[in-house]
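What follows is a single chain, given as structure tokens, in the form predicted on its own.
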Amino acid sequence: MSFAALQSLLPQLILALGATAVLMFGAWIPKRRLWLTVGLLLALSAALVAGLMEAPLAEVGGMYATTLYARFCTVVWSLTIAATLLISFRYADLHRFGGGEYTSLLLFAAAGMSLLSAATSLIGLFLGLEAFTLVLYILIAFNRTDDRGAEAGLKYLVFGAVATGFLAFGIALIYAASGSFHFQEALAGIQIEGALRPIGLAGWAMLLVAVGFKISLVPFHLWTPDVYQGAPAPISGVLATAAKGAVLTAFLPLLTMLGESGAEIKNVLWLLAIITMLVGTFAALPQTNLKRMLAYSSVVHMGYLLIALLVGGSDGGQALLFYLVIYSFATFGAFGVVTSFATEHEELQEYEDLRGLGYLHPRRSIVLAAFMLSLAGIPPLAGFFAKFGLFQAALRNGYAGLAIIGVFASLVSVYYYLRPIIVLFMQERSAYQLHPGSKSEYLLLAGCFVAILALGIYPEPLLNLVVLVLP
């Protein structure tokens, strides 16, 4: 590999080589907070390099792009992992996590997500996806004292293995039909007279099944609530935001390249979007566990984001990226509040445990309420403008039916987002007070809160950035 190629992949190299170094030296120097700090600095460095340095090559090895779009995604995923490390300082101490191993795995996950979003070939897509999925198998079950974590890790492993099988078979069929792994040649090779060849259509069907498992589309979502509930709260935040966002950003260019010949694929996505929004919404209504409710919430939001994938083009791309960023701030912030309330023996998840906490811990309770309202799409928080932009793009491109169903799901969602807020402030609590929180937790929660408030009042900077990075 040439020096120019290495320079073009510098952000990913910082993450991967940094993760390797942390893993090796962490075995000799078991200082948990030291390695969490080092990992935080490495993730921020990767984001800084991706955001400021212009790559000398447009594509590396015919597998990964270094476009503005790919670099933007690298910045977002690196910052998400940096936020995970920041909020893990006290949590890792509570559960005696190995600092070197935990930090290293998160950095490897960031590298995999970055490579997935930058993929320009089916092989690059497979390697990037599996790179961070394999890491998540371990991170979900990282708390060895929690039986629910072990169960969640096993469930994610089984479903992930099934998804990997479908992905591999789908790639094999597309390669058999086209003779190429590169996106443009492969997609051109499976088309004939403006339609997909049968073997190419079968390959795409398997790819959609794999994507459905990875981003929790109905009916491939059954693992989601159990895994989110059993995983450590910071890792649940990564699963709900960066892990799913990386898959969506990887498949946006693929669907765009299909063009008019992807009508059959879009019909399937149209149906998946509808059942995902409706089933996720009604499954979230009876939940009394905050993490399980957020799991079904993420299912619903994946249905919304399928609308952006269907719209495609500049309208769909802008709606997808803007929505992903806003959704990530609110969802990760909500899991951050769960993390900040965690004790050595449990995480506060049940609504009954949250009752009256708004009086004992008003700052974190108000912040959690703001995150819930943003996810519900209540103005003036940023979630309102994210949903407005997405539904407007759907109406402008002939998807009025999906937009109406999306609005209906959003209206119903107000109920299950308001429930934890009502419980928090329902009655004054005098039983016991939880951990007051650490500085790193407050810093992360304040950042997410300011972001959803500022972008709700003045979303133009993020909108302009999204327009700039789209190809």
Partner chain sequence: MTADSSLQFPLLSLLLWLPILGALLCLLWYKAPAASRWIALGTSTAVFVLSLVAGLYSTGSAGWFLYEDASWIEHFGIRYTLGMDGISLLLIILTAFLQLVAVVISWDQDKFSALFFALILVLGTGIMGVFLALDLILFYLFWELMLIPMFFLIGVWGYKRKVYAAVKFFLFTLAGSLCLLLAVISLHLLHGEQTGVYTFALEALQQTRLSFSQEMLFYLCFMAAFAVKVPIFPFHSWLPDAHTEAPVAASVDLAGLLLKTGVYGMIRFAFPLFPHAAEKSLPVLAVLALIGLFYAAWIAYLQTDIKRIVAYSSISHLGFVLLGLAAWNQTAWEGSLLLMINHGVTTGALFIAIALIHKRTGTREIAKLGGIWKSQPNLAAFFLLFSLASLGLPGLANFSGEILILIGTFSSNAVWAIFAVGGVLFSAAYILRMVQGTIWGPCCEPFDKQDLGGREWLVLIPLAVLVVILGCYPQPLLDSLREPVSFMLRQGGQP
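Given the structure is predicted, the values throughout are model-derived calculations rather than measurements. Residue numbers count along the first chain shown, from 1.
Heads up, the form predicted together with its partner chain isn't pictured, but that's what we're talking about next.
Residue contact check for Ala451: none of its heavy atoms lie within 4.5 Å of its partner chain in the predicted bound form. Within this chain, Leu373 lines the site of its partner chain in the predicted bound form, having a heavy atom no more than 4.5 Å away. Put simply, Thr256 is far from its partner chain in the predicted bound form: not one heavy atom of it is within 4.5 Å. For the chain shown alone, Val325 is not a contact residue for its partner chain in the predicted bound form, no non-hydrogen atom being within 4.5 angstroms. With the partner omitted here, the residue from Leu57, Leu44, Leu34, Val414 that has a non-hydrogen atom within 4.5 angstroms of its partner chain in the predicted bound form is Val414. Of the stretches 298 to 306, 394 to 402, 244 to 252, 86 to 94, only 394 to 402 has residues with a heavy atom within 4.5 Å of its partner chain in the predicted bound form. Proximity of Leu13, Gly51 and Leu68 to its partner chain in the predicted bound form is absent: no residue of the three has a non-hydrogen atom within 4.5 angstroms.
Scanning 98 to 114 for heavy atoms within 4.5 Å of its partner chain in the predicted bound form gives no residues at all.
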